[in-house]
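The chain below stands alone, shown as C-alpha cells; this is the form predicted alone.
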Amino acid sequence: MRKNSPTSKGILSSLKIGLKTGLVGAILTVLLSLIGMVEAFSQRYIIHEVISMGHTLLLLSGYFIADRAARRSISKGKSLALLNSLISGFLSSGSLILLIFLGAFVNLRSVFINASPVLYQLLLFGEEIRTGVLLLFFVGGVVGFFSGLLYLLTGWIKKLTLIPLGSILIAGVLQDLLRPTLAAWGPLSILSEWIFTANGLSISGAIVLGVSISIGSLLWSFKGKSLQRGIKSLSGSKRKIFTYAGFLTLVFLLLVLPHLLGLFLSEVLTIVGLYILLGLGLNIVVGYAGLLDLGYVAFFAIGAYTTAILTSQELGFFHFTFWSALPIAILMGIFSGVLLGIPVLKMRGDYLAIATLGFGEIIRILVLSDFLRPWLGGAQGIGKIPKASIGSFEFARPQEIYYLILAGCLLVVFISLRLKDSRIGRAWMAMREDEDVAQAMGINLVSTKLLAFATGAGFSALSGAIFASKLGSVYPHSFNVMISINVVCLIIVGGMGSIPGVMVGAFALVGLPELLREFAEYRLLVYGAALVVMMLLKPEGLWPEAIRRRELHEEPGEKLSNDSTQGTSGS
C-alpha cells in the first residue's frame, strides 16, 4: 500500500488546526445560546429589524474563532489558512444546527431552561426549519471565509472593511449614549432622529455612517502621515499654541459633558469616575510596584465609613462637614495601607494576593459585627450623610457630583504622573521587575512597598469618601470582594501601569455594562470573556504603557538580530 507523501501529511496536520479551533467555536456558540445570552441580547437591535445584538454576538464569536484558525495555520500557507477559517466557520454554524435538531426531538429545557422555541427561531432567522438550517450553514461559511480573507488582506483594504463595520457596531451598542447626546445639540437632533430609531440604527443611517467612516479612514490612510509630519514640523511656539488649544478644548468638553448627557448618563459617568479613582490607586500598587492586592475594597470601605462616622447626623457622634472629614478619611486609608503592608512585606505573588484578600474580608466582617454596631451600624449601615457643598452650592445631583469626582480624578492623575517619573516611581518599577535585583541595587524594599500600599490606599479612601457623600448612606454589601475583582480587571484590560489605560478599562468594563443594564446578569461572563480575549489578542492591554508594549511585542529589528545571533551560535 502506498504511504502518504510528506506534503499530504502536512496538509492533514494543518487541517487539524481548523478542526480543533472549529470545535472550540462550536462549543462557544452553543454555550452562548444555552445560557440565554443570544435570546437576551436579541431584544436590542444593532440595525433595526435587520440584525440584533444576539445575532451579532454569534457572528463575532464565529469571526473570532475563524480568525484564530487562520492565524494558527498561516505558516502552512495562505490557502490552508483560508481553508481552516472556512472549516471553523462551518463547524460553528453546524453545532447550532445540531442543537436545533436535538431540541426538536429532545426536551432540552429540562436541563437548559434557555433552550426555548424562541431561541430556535432566532437561530433559524425566523424561517421554517429547512430554509433556516440552510441559511444558518451558509452564514457560517461566509463568516469563516470573510474572517480568513480579512486576515490575509493587508493595508488600507482591510482597514476600509473593519473600521466602518466596527463603527456601525459601536454606534448600535452605544445607541443609548449617542442618541440623547446628539439630540441635546440642537441642530444635530435632526441627525439623531434620522440615524437612530427607537431600537437600533436605521438602515439608511447605518449605510451613511459606514460610508462616511470609510471615506474618513481612506483619507486618513493617505493623508494622515503627512498631516502628522506637518504638526511635528511646526515651530516651538506654534506647537505650544496647538497643544494649548487642544487642552482647552478637552477642558471645555469635560465641563459641559454632564449638561449634554442628561441625568441617567451623568449617573453612569459618576460610577465610571469612582472606578477610575479606584483604578488609579490600585494601578500604583499593581501596575507600578507589582504587588497583587485583592483586598483593595477594604480601603474603599474605610474611606466611606470614616466619612460616614464623622459627618452622619444619624449617629450624631461628630458634626464634621465633608471637606473637614475628607483629609481624615484619606489619612485613615493611608494608615490602613501601612497596617496591611507591614505583615505582608515578605510575601509575593499568590501568597500576597490571598493575604490581602483576607484583609478585605476582615474589614467586611468587622463592619457587620455586633460589637461595632453602635459605631458602624452593622447590617443596617449608616444614613443621613450630608452632601458635599461649597457655600450654597451642593453636590447633590449626578450632574453636580460629576464635578467633584472629576476634580478628584484630575488630582490623582496629577499625583500619579509626578510619582511615575520620580525616584520612588522608578524604585517601584524596579521592584516590579525583580525584587532581589532591586534590593541589590540599594532600594529599600520595606519603605518602597509601604509607600506603594499607603499611596494606593489613600486614593481608594478618597473614592470611598466621595461615594459616601454621593449616596448619603453606606451599607456593608456595597463593599464586597467583587469591587476588588472589578478594579483588577479594568487595570488588566486597560493596561497595567498605564494611566490612560485605567480610564479606558473603566469605560469598557464599568461604563458599557451600565449602559446595557438589561444584560447585567451576564456581566461576570463578559468580564471573563474580555480577559481571555485580551490575553490572546492584546496581552499588554487596550492602552498600555510604552515599556509594557515593548516587553510583549518585540521590534522587527530586535527579532532579526536575535535570529542572526542564534544562527551564528548554531553554526
Partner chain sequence: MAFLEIEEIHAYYGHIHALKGVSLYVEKGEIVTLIGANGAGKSTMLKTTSGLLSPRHGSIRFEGEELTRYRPHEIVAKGVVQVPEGRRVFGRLTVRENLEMGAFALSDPKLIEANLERVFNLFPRLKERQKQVAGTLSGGEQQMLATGRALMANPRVLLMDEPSMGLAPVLVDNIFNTIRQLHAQGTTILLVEQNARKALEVASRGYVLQSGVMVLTDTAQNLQRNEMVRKAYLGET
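Positions refer to the first chain, counted from 1. Keep in mind the model is a prediction, meaning the values are calculated, not measured.
The discussion below concerns the form predicted together with its partner chain, not included here.
The contact with its partner chain in the predicted bound form, taken as any heavy atom within 4.5 Å, belongs to Asp436 out of Glu127, Asp436, Glu394, Glu314. Proximity to its partner chain in the predicted bound form, defined as a heavy atom within 4.5 Å, singles out one entry of Arg426, Lys76, Lys387, Arg179, which is Arg426. Screening 441-449, 134-142, 462-470, 261-269 for residues having heavy atoms within 4.5 Å of its partner chain in the predicted bound form returns a single hit, 441-449.
In the predicted bound form, none of the heavy atoms of Lys20 sits within 4.5 Å of a heavy atom of its partner chain. Contact annotation: Ala430 falls within 4.5 Å of its partner chain in the predicted bound form, judged by heavy atom distances. Its partner chain is not drawn, but in the predicted bound form it has no heavy atom within 4.5 Å of Leu12. A residue is said to contact a partner when one of its heavy atoms sits within 4.5 Å of a partner heavy atom; Arg550 meets this definition for its partner chain in the predicted bound form.
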